[in-house]
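The chain that follows stands alone, in the form predicted alone, written as structure tokens.
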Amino acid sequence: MARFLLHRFYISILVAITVSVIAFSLLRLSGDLAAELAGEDATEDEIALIAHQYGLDRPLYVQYFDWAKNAVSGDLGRSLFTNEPVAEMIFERLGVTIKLAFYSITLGLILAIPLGVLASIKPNTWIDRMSLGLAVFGQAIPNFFFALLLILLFGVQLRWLPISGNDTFAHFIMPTMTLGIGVMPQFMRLTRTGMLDVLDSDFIRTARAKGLNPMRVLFKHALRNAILPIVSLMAVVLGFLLGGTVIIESIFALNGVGFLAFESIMRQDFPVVQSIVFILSLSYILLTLFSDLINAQLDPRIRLG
């Protein structure tokens, strides 16, 4: 187990370094940052002054190592728009995005796993077709369009839920429904496929032949084995939710990291954009590592492979 942990940790470190280089390079390769900061009417001297002021006239590798050294110590620089520390700006809003991602993936799992199990034990029936139909609906409808439908129904017509803000739990209901329905199909189809494979395996037939309780066979033996891919998918989906909520946070005016990224892009606040990309990518790497460890704990064959 220790060897498995060290191997996965080593890979995660290499991926994190690669991501940091990409996050740093993308903005530098997108154009002349000094010219962007100076504005359209700036002279060559003004552009050169700004480049020197922000250290943009130094070699790229020097800029990267300075940024990486500061990032490791928690200093992500300052916003070009507000002059606030970037780390404080991000972590002030990170809680909202984490809440939304947690609520959404929880709703997705609550809907998906029972539907997937029912579809697997009743294949090719109306229950199976209904479950697959809901999965197709959740995957086909665009998130922003579904969000607008919810706003029109529950916010404008019925006036049951608040349309914008993040002050109370009620403010998160419609965004959670939007993202939860969006991630549900992946979990549902994976649960159904995994359960069908496991229920057709020899050890399940043996358990049934021994006269074990059908519910025990279904949940303790079948679902436990079928759920392994779902753990890995949870890390992928949670990482997607943390980094992909820009549109939904903007629609519902949730003051999270996604909305901050949108504002920073519009303001050309490069240090904030760069840091958000790096932090969200790093969180995705950590979630993937965590899912690998859980899978290794649930299935010893993984850590022995």
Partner chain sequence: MLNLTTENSENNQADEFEIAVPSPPELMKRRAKSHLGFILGGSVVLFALIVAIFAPLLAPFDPYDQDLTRRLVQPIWHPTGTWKHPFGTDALGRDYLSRIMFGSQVSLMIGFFAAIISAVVGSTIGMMGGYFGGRTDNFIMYLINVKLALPGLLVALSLVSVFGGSIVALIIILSFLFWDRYAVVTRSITQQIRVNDYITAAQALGASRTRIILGEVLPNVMNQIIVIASLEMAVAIIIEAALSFLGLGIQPPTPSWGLLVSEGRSFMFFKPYLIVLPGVAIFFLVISINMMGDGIRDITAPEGRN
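This one's a predicted model, so the numbers in the text were calculated from it and none came from an experiment. Positions refer to the first chain, counted from 1.
Here the subject shifts to the form predicted in complex with its partner chain, a form of this protein not shown in this document.
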Within 4.5 Å, heavy atoms only, which of N124, N83, T168, S73 is in contact with its partner chain in the model of the complex?
N124
If we test each of F102, F91, F144, W160 for a heavy atom within 4.5 Å of its partner chain in the model of the complex, the one that passes is F144
With the partner left out of view, is V237 within 4.5 angstroms of its partner chain in the model of the complex by any non-hydrogen atom?
no
When the contact criterion is heavy atoms within 4.5 Å, does R78 count as touching its partner chain in the model of the complex?
no
Taking heavy atoms only, is L107 within 4.5 angstroms of its partner chain in the model of the complex?
no
Taking its partner chain as it sits in the model of the complex, is V19 near enough to touch it, meaning that at least one heavy atom pair lies within 4.5 angstroms?
yes
Please name which of the stretches 93-101, 170-178, 186-194, 109-117 has residues with heavy atoms lying within 4.5 Å of its partner chain in the model of the complex.
186-194
For this chain shown on its own, do Q139, V156 and F270 all sit within 4.5 Å of its partner chain in the model of the complex, going by heavy atoms?
yes
Judged by heavy atom distances of 4.5 Å or less, which residues of 94-112 approach its partner chain in the model of the complex?
none
